[in-house]
Ligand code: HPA
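Shown below, as structure tokens, is a lone chain in the form predicted alone; questions about how it binds or moves come after it.
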Amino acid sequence: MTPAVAIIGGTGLTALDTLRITRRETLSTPYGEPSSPLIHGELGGRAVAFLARHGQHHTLPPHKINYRANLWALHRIGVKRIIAVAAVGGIRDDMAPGVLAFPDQLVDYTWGRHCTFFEDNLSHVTHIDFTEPYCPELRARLIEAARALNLEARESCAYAAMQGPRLETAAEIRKLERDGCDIVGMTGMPEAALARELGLRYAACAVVANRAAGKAAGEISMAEIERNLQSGMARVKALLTHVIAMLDERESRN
């Protein structure tokens, strides 16, 4: 059965223990190997595929992820919708650790990544419309599910995609804030644009893992991030089960 939706898991979500696994699939692509095998299973009564963005053991840093292979593999198995889970830093004052956020805009500060499928042996140049980088309908479903579960979530925000793998300086965060960014991560691009090139409906569920650099006293510790992600990802798992159960068959295939 073709999965109704794919979930891309980021930091803190390399596996989905709420997924009833039916099989694992290893795909080769024209762009190399995906980050991990595709895990097929059932969640919320629907067929779902899961892919670990950073690899099964979280060994791939953001700038080394093969985004093209990941998106091509999901497209190849017939997925039409993707929910991308990611850990982020909170820039805006109300982006406290543990809060969920559903970005509706992004700003790309990455460089040197393979960012398009349309670059070789072209019969014509292709430009995608990227005015609204996230699927409004899928975002609306995420928001509806968060409200139903009484989860604290921010329903509109701008995601800053940084190169990584280091965290940002306080001055960089001040610049991102002046640029209108509310959260900061390292994997939002080119993932969102590649999904658009393939005609996939793509939305992000971000978990604020920490206050961004300079937004709280002292250094940012990985122990703090891990603690916040442990509780935040538990809410994400509940959200995913709820939102996928909401997708009817017609909606899932369009």
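For every residue, the number given is its place in the sequence shown, counted from 1. All values reported here derive from a predicted model rather than from experimental measurement.
Heads up, the form predicted in complex with the named molecule isn't pictured, but that's what we're talking about next.
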Among M189, A49, A203, A209, just one has a heavy atom within 4.5 Å of the named molecule in the predicted complex, namely A209
None of A101, A73, V88, V85 but one has a heavy atom within 4.5 Å of the named molecule in the predicted complex; the exception is V88
- prompt: Would L167 show up as a contact with the named molecule in the predicted complex if we use heavy atoms at 4.5 Å?
  reply: yes
| task | Give a yes/no on whether P34 approaches the named molecule to within 4.5 Å in the predicted complex, heavy atoms considered. | result | no
Is there a heavy atom of V184 no more than 4.5 Å from a heavy atom of the named molecule in the predicted complex?
yes
Which of 114 to 122, 146 to 154, 88 to 96, 132 to 140 lies within 4.5 Å of the named molecule in the predicted complex, heavy atoms considered? The stretch 88 to 96
